[in-house]
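One chain comes next, on its own, written out as structure tokens in the form predicted on its own.
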Amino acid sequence: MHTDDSLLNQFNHHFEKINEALGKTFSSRIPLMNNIGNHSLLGEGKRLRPLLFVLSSELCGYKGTDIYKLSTIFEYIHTASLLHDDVLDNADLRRKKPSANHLWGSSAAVLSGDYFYSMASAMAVDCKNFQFLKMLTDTTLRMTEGQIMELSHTHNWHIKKEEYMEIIISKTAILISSTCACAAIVAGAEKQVVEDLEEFGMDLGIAFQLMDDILDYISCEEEFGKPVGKDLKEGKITLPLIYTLSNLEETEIERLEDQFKNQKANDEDYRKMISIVRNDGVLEKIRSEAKEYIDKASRILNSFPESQVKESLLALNAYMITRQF
């Protein structure tokens, strides 16, 4: 059994209710949309964002019976972003199975992503909570900006760490941050609590993406659910490569950029580049940085009284740097 399984099993009762709520909220009169939804939304997924919403809501004392329905809003947004991301990346695999664009084509995948964003917005409007809706719309706007920033830096072998961090904050961490903050908003928590959970989610989200970038270089495809070295092949220069390149001469960086950007690299070249990153010591450096974000997130929860929910959030937070997929 993977470490991931043993840790996450404690949340199975939440996952069951989240999946049940997803099944109830998703439906379309269009058969194609139902097929893509069953494949991309109702299929395999960590359900990390809905779980964080549920736990954060409970931490703030929320007693509403719609807690699981509300939590699915963040899975709709996340799934929409994945559908669009896979089209941009021409990805064939997602969550250990063929991607939606591979099965139904890019046009259908893009439109399905739009549908999921619209579903999330419609559900948020039903909450009749302007602050909640405002945070969601601001979040999806920034996520789109993040995708555009990432696209503009494709094959940019001179990207700076600061630019990379802005991309991962906008693409990934902002949604996790919003998930936790929106839970506090729905619970009617005071401003400071909303801000604390927003910061908690941001730190956790950054650590999550840093670990994702490490796993892209070290995991096997069966565990990770997508090909190892996928980012490199798609021209995404993530932190492991940024740190590795900082140890090379400018002429060597330019040679590598020409080789990979202009499709001169073969499979052996990719294997060599991945091996260089793995053996350069940068992965442990990034893991240490991810741990710093996890520790910071943990300290934020110090202001909350002790409870089983708080312990669950701390465990989920710590899981970010031990997960295998």
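Throughout, we count residues from 1 along the sequence that is shown. In this text, all values refer to a predicted model and were calculated from it rather than measured experimentally.
Not on display, but discussed next: the form predicted together with farnesyl diphosphate (FPP).
- Interface residue among 177, 101, 244, 209 relative to farnesyl diphosphate (FPP) in the model of the complex, by the heavy atom within 4.5 Å criterion: 209.
- Residue-level contacts in the model of the complex: of 156, 144, 129, 219, one residue has a heavy atom within 4.5 Å of farnesyl diphosphate (FPP), and it is 144.
- Taking non-hydrogen atoms only, residue 203 never approaches farnesyl diphosphate (FPP) to within 4.5 angstroms in the model of the complex.
- Contact annotation: residue 199 falls outside 4.5 Å of farnesyl diphosphate (FPP) in the model of the complex, judged by heavy atom distances.
- Farnesyl diphosphate (FPP) in the model of the complex is approached by residue 230, whose closest heavy atom lies within 4.5 angstroms of it.
- Farnesyl diphosphate (FPP) in the model of the complex is not approached by residue 121, whose heavy atoms all lie more than 4.5 angstroms from it.
- The stretch in contact with farnesyl diphosphate (FPP) in the model of the complex, judged by heavy atoms within 4.5 Å, is 78-86, chosen from 78-86, 188-196, 246-254, 121-129.
- In sequence order, 171, 172 are the residues of 160-187 having a heavy atom within 4.5 Å of farnesyl diphosphate (FPP) in the model of the complex; the partner itself is omitted from this view.
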